[in-house]
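Presented as structure tokens, the chain that follows is alone, the form predicted alone.
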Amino acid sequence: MMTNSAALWNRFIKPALAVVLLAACFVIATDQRASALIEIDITRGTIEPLPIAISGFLSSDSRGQEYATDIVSVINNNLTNSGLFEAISQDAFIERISDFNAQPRFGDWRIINAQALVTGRITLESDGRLKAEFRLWDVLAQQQMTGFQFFTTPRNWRRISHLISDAIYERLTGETGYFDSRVVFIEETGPKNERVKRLAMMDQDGANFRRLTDGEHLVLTPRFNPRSQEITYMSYASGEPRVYLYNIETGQQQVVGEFPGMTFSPRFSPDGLQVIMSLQQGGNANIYTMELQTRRTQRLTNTPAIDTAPSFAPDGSQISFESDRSGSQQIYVMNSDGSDQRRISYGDGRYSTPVWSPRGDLIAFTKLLNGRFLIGVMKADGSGERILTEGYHNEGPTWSPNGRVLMFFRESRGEHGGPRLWSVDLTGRNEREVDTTNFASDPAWSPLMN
């Protein structure tokens, strides 16, 4: 059984929309951009984390203080896990913020080497809403950099935490954040040779886990629509592999179409109006697109090889894919109409699972070389190849919404081993396991929810 659609809407989607709409309406502080203010240059290869102090958020009652403590904890974890910030322990604080509207004593924060300071206040309104306010300060310049306030339902406090984290990230790096996003993946339970695979979803930090299917039928390769809260995936519900669409807001699913043979690797086009996939007929597989409104298909490749794992460039003009037409798995790029098909990977080893960055500048891939599984990136012409991580079995990279972090899955050895989700940033220096209760594979990162 699929999850109940009405419950999903009332519990998760409806409150989330309230945050976005009200956040847009209640921006209260100007964004000061004096040249003296601090900013992290994330284009450099090696980045020293910026020391940032996140003071305890204020609240006038005990229930509000509980939310304040939890929100600060999530902000700390988000910024620290990005690898760009070093959150200073509250035990080191000299000043204890007691008035949200008063200017901090900047000298006390300089002593503990804080370059940025975050202050905040949580209020529970008479109508039951939660009001969250924060301010970001440049300690050295002694100026407020930005500040916002949000209203939402109390149970939606985690989204508030992610929105504040994104605002801080964007102001200090100059680029959009990625914390207010979700990940859909395959949850795996049971013995290694009898794994039950369910479609599941969580926040990017592992919180708010929920299953979308019950495990009765095998599901594979979930992918987010870049324009809406919709997922495409493969399922064996009918005994044959079919491509499905699943609407997160309503809980409804539908079959994309009936295709002869096997279907692989469905993925949305950037405008969300098409699905691109690989269809196997006989011993070869070719790439097709389907318009979701008319169900009209177009064949893009026509070779006696296996062409699969297609991924659109974010502007929709090109498509990357993998093919063994040259004798081994390699990465190719073609125009969106199938013309000008050209190989771009020429390093040692076999290349697979190419996926285009949402920034359009890089293609991530999996590489098998001398028994090792590598996750790397290259430019769209194949130049500038960089390996970010390697392991016993790494596979399936997916990009964060801002194109600065990759998530993938890594298989562990042994009888009781299984896949787990990991993330790594473009420097390759900040690699972390993403916490999931059970085994997890084949992640796909959503666009920003707001």
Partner chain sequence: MIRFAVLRAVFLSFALLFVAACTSSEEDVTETVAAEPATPGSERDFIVNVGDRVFFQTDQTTLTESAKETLRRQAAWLKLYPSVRIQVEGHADERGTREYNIALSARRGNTTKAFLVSQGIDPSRVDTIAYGKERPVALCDAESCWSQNRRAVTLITSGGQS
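None of the values given here were measured: they were computed from a predicted structure. Positions refer to the first chain, counted from 1.
Although not depicted, the form predicted in complex with its partner chain is the subject of the following passage.
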Just one of 301, 152, 269, 221 has a heavy atom within 4.5 Å of its partner chain in the predicted bound form. Which one?
221
Can you pick out, from 236, 259, 244, 209, the residue that has a heavy atom within 4.5 Å of its partner chain in the predicted bound form?
236
Among 225-233, 156-164, 125-133, 349-357, the stretch whose residues bring a heavy atom within 4.5 Å of its partner chain in the predicted bound form is 349-357
At 4.5 angstroms, heavy atoms only, are 195, 264 and 373 all close to its partner chain in the predicted bound form?
yes
Is residue 170 part of the interface with its partner chain in the predicted bound form - any heavy atom within 4.5 Å?
no
May I ask you to check whether residue 138 falls inside a 4.5 Å heavy atom distance of its partner chain in the predicted bound form?
no
Evaluate residue 283 for contact with its partner chain in the predicted bound form, applying a 4.5 angstroms cut-off between non-hydrogen atoms, and reply yes or no.
yes
Can you work out whether residue 320 and its partner chain are in contact in the predicted bound form, taking contact to mean some heavy atom pair no more than 4.5 Å apart?
no
Just to make sure I understand: among 311-333, which residues lie within 4.5 Å of its partner chain in the predicted bound form, judging by heavy atoms?
322, 324, 329
